[in-house]
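Below you will find one chain, with nothing else, as structure tokens; this is the form predicted alone, and questions on how it binds or moves follow later.
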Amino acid sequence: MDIVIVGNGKIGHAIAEGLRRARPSWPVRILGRSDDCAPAGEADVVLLCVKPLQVRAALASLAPALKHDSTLVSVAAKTTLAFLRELLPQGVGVVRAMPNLPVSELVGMTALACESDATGIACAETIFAAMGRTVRVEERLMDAATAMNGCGPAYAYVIVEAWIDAGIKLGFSYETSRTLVAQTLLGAAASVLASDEHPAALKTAVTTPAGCTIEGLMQLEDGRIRSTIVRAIIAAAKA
């Protein structure tokens, strides 16, 4: 599969790095917005990784170069399929994707949306599944997906930072605290994905009567951690 990434930002480079690690046999090229678009004409899939306000200008130069049986996958937030379709030649498949930066580590999460008669969605799934997990969602939920998984690593990093600080306060070195926290979160996430149990049931399994876990959980509840996280994600979805 011949892939061209348009955009020199962080997500474009994260995808390129992930693909080079996961599928080294796939040719992957990155084009800046001002670069010659000719290489896009040879690609099976073009990943449009530019900011929303740059989409129209990028497609004005890119669209004439696209093959009629190619697929354009847009990573631009809040840019609808209908808007993209207006700027693309007939026959070009169009898909929206919202990956996150951990695609570079092959543990990314990508939400995908497509037209009802879309071509290219299977191609997009193959690309992003090589770098983690994918889900198909209705297009109306793509802004919500942006808040959930696109922005999600930033929320996790805030929690990780505070948790590491707690370890340092308790006497661990930064390096030891970071390892304790990151591996614990990795294990908890793996448990959620591997189990059909609700997270509340998994939490209960860790929480022994009158133990230290319930003491920590009470502090989190006093800090309104649940409602704070919910409000933060809803605010991001509406931004």
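Fair warning: this is a prediction, and the values are worked out from it, not measured in the lab. One rule holds for the numbers: they count along the sequence shown, beginning at 1.
One more form of this protein, predicted in complex with a small molecule, exists but is not displayed; see below.
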Exercise for the section: Just one of 127-135, 85-93, 156-164, 70-78 has residues with a heavy atom within 4.5 Å of the small molecule in the model of the complex, so point it out. Expected result: 70-78
Practice task
Would you kindly say which of Leu101, Leu141, Leu106, Ala122 lies with a heavy atom within 4.5 Å of the small molecule in the model of the complex?
Solution key: Leu101
Completion exercise
Among Ser191, Thr176, Gln54, Thr207, just one has a heavy atom within 4.5 Å of the small molecule in the model of the complex, namely Gln54
Problem - Non-hydrogen atom contact Cys49 with the small molecule in the model of the complex at 4.5 angstroms - result: yes
Handout entry: Ile11 within 4.5 Å of the small molecule in the model of the complex, heavy atoms
Key = yes
Practice task
May I ask you to check whether Gly211 falls inside a 4.5 Å heavy atom distance of the small molecule in the model of the complex?
Solution key: no
Handout entry: in the model of the complex, Arg33 touching the small molecule (heavy atom, 4.5 Å)
Key = yes
